[in-house]
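Shown here is one chain on its own, the form predicted alone, set out as structure tokens.
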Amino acid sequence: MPELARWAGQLLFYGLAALLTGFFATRPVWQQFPKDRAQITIAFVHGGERKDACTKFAAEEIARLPPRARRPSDCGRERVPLRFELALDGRLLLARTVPPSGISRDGPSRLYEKLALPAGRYAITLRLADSGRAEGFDYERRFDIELRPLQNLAIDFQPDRGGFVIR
């Protein structure tokens, strides 16, 4: 009899544990993203221009350098920060200055932003300055889009394809 009671106790314990696990796996109901909204994700890695222009050496300057250090020019490593803007229907929604990465500030700048918006039609204007200019932008593109509920619109930057790309 004690053997039967032990088996019944284990069955009761494991059954209760399974029921509790099943209950808490479905409750409370949690929704990661609202059903009536859409998302815009901006994600890209791009290196701005060099902060300082390269200095060309004259032939006699090159000759004075040690043999292992001879080179036709000297270029600084540091890059300029990127300036990025996103306007939605003519209203500035996002403006970021993205510094270059790396200890010497010589790596590419990395931008990753997510925006949740109500579903609907929008005119999106994207701007990027990567040359260090104080006014204006080097790249500008406008898209007319329609965002559906739960849609995730991805925006990338590819200078070899003309700038901003929507995926």
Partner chain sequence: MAAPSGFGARAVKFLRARVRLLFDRAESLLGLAFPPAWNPLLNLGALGFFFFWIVTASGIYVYIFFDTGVTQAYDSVEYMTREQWYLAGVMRSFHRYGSDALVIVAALHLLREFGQDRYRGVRWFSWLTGIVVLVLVFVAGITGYWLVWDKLAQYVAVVTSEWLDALGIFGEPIARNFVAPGALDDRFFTLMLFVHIAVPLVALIVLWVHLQRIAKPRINPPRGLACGAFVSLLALSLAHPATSRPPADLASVPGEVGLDWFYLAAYPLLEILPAPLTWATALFLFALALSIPWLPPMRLARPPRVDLDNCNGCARCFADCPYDAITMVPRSDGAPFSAEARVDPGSCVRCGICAGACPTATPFRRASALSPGIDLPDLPIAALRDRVEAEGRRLSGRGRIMVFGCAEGVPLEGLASARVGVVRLNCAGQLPPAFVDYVLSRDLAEGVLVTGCAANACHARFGILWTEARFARTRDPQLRRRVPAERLRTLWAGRLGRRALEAEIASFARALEALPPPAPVRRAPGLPATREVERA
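Please read these numbers as outputs of a predicted model, since none were measured by experiment. Positions refer to the first chain, counted from 1. Take the two forms, superpose them, and find the largest set of C-alpha atoms that agree within 1.5 Å; that set is the rigid core.
What comes next is about the form predicted together with the partner chain, which does not appear here.
Colleague: Within a 4.5 Å heavy atom cut-off, is residue 159 in contact with the partner chain in the model of the complex?
Modeller: No - in the model of the complex, heavy atoms of residue 159 and the partner chain never come within 4.5 Å of each other.
Colleague: Can you tell me if residue 125 lies within 4.5 angstroms of the partner chain in the model of the complex, counting non-hydrogen atoms only?
Modeller: Result no; residue 125 lies far from the partner chain in the model of the complex.
Colleague: Looking at the partner-bound form in the model of the complex, is residue 67 within 4.5 Å of the partner chain by any heavy atom?
Modeller: Close contact is absent here: in the model of the complex, residue 67 is far from the partner chain, nothing within 4.5 Å, heavy atoms only.
Colleague: Is residue 41 one of the residues lying within 4.5 Å of the partner chain in the model of the complex, judged by heavy atom distances?
Modeller: Residue 41 belongs to the contact set for the partner chain.
Colleague: Where, among 54-62, 25-33, 135-143, 117-125, do residues come within 4.5 Å of the partner chain in the model of the complex by heavy atom distance?
Modeller: Within 4.5 Å of the partner lies stretch 25-33.
Colleague: Establish whether a shift of 2 Å or more occurs at the C-alpha of residue 28 between this form and the one not shown, with the two forms superposed on the rigid core.
Modeller: Yes, the C-alpha position differs by at least 2 Å between this form and the one not shown.
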